[in-house]
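Have a look below at one chain only, the form predicted alone, in structure tokens format.
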């Protein structure tokens, strides 16, 4: 009798736990399942899909997108957005490469994009927080300034003769590609920081309900500036991985990079309305994009279908976000 009562009492608890997991991490689980399913199906069609070279391209070759999406996720969680991140990475890559070629210390060429990214995004955050200009407006203006300024100054020239010590994305540590280590370590640290620190939890509060966050004493304006600065730091780190992949750097803005980074955050489970999501989901979504793009090539389908697939994923993610919000309420 006692065993039956215990079993009956455990069933609702277990059901409630599973429901909570599904509500809070449903999108991350879906993205992870999609990655696994793609690997299984495509490797059956073309076994070369799981070759070491292709896996390195999928995971390490797109790590910079995942790193940039970490900062973007924090910005979106607070209820804002940044459409200038692609232009920022293009500018920072040019600055970093130019410093390396000019003979400055390698560590300075790596540090400069992080500091400049923080400075530029701090200014954006000040305009958003204190001038109360919508972030979409500020970052659209910043995107135009950065794009136009980069082309005006450099003319789109190529930066060549990069020193070998500068190319950190081509290095391996313990036989593991450096970009993969950066991606995993930064994602884990950011996820723990967002979940277990007062600052990280305050970002969810701001994005979920600004009035309630203000009533509890959270300094919303200061937090907004800081989260944009942190986003700039992650954009700088992403720049280092992006700029050191190849032996040359073109002084232009990578096409559609900002959309890819924003989409990785949203499809990874970060609500476009703010207040929910994880950086782990955005990292997995970046891997999913790379997996889909590679899979299309291995099954002889035009890579242009990738944008259409991502569009469908965005729509599905918005519907899933609406379901999650209704389930929580």
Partner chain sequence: MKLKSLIRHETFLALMLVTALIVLAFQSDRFFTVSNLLNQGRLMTEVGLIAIAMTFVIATGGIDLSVGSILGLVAILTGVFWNNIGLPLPFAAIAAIFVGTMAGFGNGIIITRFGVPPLIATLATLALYRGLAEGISQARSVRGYPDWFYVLGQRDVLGVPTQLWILMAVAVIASVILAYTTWGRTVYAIGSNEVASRFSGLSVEKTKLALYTLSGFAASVAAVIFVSRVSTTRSDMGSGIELDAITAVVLGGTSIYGGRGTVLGTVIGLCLIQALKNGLSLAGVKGDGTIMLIGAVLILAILASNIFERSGTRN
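Positions refer to the first chain, counted from 1. Please read all numbers here as calculations on a predicted model, not as lab measurements.
From this point on, the text means the form predicted in complex with the partner chain, which you will not see here.
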Legend entry - Partner-facing stretch of 135 to 143, 223 to 231, 197 to 205, 94 to 102, counted where any non-hydrogen atom is within 4.5 angstroms of the partner chain in the predicted complex: 135 to 143
Legend entry - Interface residue in the predicted complex among 106, 116, 127, 180, criterion: non-hydrogen atom within 4.5 angstroms of the partner chain: 127
Inset, instruction - Note which of 218, 184, 191, 259 lies within 4.5 Å of the partner chain in the predicted complex, where distance is taken over heavy atoms; exactly one does. - result: 259
Inset, instruction - Could you confirm whether residue 278 comes within 4.5 Å of the partner chain in the predicted complex, counting heavy atoms only? - result: no
Inset, instruction - Indicate whether residue 164 is a 4.5 Å heavy atom neighbour of the partner chain in the predicted complex. - result: no
Inset, instruction - Determine whether any heavy atom of residue 212 comes within 4.5 Å of a heavy atom of the partner chain in the predicted complex, and answer yes or no. - result: no
Inset, instruction - Examine residue 151 and determine whether its closest non-hydrogen atom to the partner chain in the predicted complex is within 4.5 angstroms. - result: yes
Inset, instruction - Could you run down 36 to 73 and flag each residue that has a heavy atom within 4.5 Å of the partner chain in the predicted complex? - result: none
Legend entry - Pair residue 136/residue 309, Cα separation in the predicted complex versus the displayed form, closer or farther by 3 angstroms or more: farther
Inset, instruction - Have a look at residue 73 and residue 313: in the predicted complex, are their Cα atoms closer together or farther apart than in this form, given the change is 3 Å or more? - result: farther
